[in-house]
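First structure 1, then structure 2: two forms of the same chain, each alone, as structure tokens.
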Structure 1
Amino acid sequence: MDRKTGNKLVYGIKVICVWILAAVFLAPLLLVVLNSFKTKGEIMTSAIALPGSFYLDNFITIVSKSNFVSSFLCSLFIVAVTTSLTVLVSAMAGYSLAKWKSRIAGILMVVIMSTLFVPFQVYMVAMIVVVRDLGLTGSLLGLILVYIALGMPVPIFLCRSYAVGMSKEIEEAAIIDGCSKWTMFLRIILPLMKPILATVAVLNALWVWGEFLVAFLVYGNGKPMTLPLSQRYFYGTYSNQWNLILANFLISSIPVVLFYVVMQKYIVKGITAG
């Protein structure tokens, strides 16, 4: 076997492996899509068979007879507020840590990143106690603050890494032109950090939109519910409404998938630069 034939063989094996992995990852999504158009009886008969007809009553029931609309708006509000504050705070913290030439800045960065190595289950109970003592249990404010706190280490790390490579001459020119530090940060630094901030926004929005455990522990049965919390009401003690569960999953996935498609060009660019 010559070298050219060997390279083609290796390339063919890689392509086959990629298609196999793609099929493995896409199979659950395909099952969700197929079963969301079935009746409960069809799902119980065969979960992998094609639907006999596209049964749209599942989606009509979800939208008209459940709390889907209020839950959707609640999740949208939480994602918008949490992502906006996370982007702003992480940009300020990351830029400050990058430009602060002191050993204290390095120590602070190590402390911030060390929180990633502590499993959530270790401090989960302590977090619940603190939130309860502050009177934030069952409130959207408490949930948003917890999301911001838990989701801050990685955005700060990315923003700091990005800000380290920013030219110092731009800042000096802005100061010479009479810009205050706050004006310089808003008008010059933030626009320059747009790629990494878009990456932070996408990663944070994807996490918050589908997060269940923290919402359940902090927000509980608060009204209105978030989308992940509202989905648990389709689960019964002896029977689960799989047709409604999967239809709800499908509808809930559409906004975040569209958001990812629109913002995906910033993700690779931002992570590479950061």
Structure 2
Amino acid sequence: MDRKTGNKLVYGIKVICVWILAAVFLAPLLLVVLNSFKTKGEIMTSAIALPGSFYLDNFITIVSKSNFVSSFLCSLFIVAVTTSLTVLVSAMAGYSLAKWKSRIAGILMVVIMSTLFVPFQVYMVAMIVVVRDLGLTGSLLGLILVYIALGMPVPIFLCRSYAVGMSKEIEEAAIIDGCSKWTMFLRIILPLMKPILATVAVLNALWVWGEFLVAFLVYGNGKPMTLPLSQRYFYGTYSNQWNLILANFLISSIPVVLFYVVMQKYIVKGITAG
């Protein structure tokens, strides 16, 4: 009896703690929602008051001025292609790094992880020159290749740890069955890695969706623009039009949030399984 009430108390405290934290985390986002329905004047008077009326002009301005629809579709296309290729490339590399008993693999792992320590700003100009030398400036292909290259390290890392934990017996059984190594990889290993690949895909897609700097430098004024590129219109040097900026954040975040909610179970599953 005693223990039960104790448990209930603990549970109660837990619930309260977690909801307070959740409220703190959500507050800034709620402010974004709130203020994106206000006029510029209303925000200046008070940032925390409720909007006077259901003011939708901010959204209309954004959709009409920033080619929202075509940018949206362009971003969708880039995310789809980049993410599927990143997943494939990292699965291959991660598996190889996990199973290849060679010194090269060890060294490569260290080098790939070192990307985490080098800020992008450091090598971005030199990278643009490479992109140009390959004749890829302003092309979607160039952008996608760079996205794969820059987005790869953590996925490779995750795939590798996952593959290390996979039992050897399955592979051996497959080889004895007469499978070629390639068939084994495609038909047995890849499906086995599904949970981690789903995780990697979700994290990668979220990153690509919101990425601005690389797109700006590599893809530049290519058309159609990606969503973050088209949003740049609102962040001009001197335009602190909070009503528009916040409304812009709101509509561009909705698809990602929905995507995350749908895919959420994979994220935890993938990392757990690894």
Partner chain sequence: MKKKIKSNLFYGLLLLPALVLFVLFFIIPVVQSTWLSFTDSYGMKSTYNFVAFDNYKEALRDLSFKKTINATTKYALLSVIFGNILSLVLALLLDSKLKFKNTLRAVFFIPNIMSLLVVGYIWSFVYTSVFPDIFTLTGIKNFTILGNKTLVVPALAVVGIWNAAGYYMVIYIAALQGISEDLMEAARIDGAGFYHLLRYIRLPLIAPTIFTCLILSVAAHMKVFELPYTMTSGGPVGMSTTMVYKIYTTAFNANRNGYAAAQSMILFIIIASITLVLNYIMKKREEKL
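Please read these numbers as outputs of a predicted model, since none were measured by experiment. For clarity, a rigid core is taken as the largest C-alpha set superposing within 1.5 Å between two forms. Throughout, residue numbering runs from 1 along the sequence of structure 1.
Here, the chain labelled structure 1 is taken from the form predicted on its own. After superposition on the rigid core, the Cα of Trp209 moves by less than 2 Å between structure 1 and structure 2. Ser180: CA moves 2 Å or more between structure 1 and structure 2 after rigid-core fitting. With a cut-off of 2 Å and the rigid core superposed, Tyr260 has a Cα displacement that falls short of the cut-off between structure 1 and structure 2. Taking the core as the reference frame, the CA atom of Val15 shifts 7.3 angstrom between structure 1 and structure 2.
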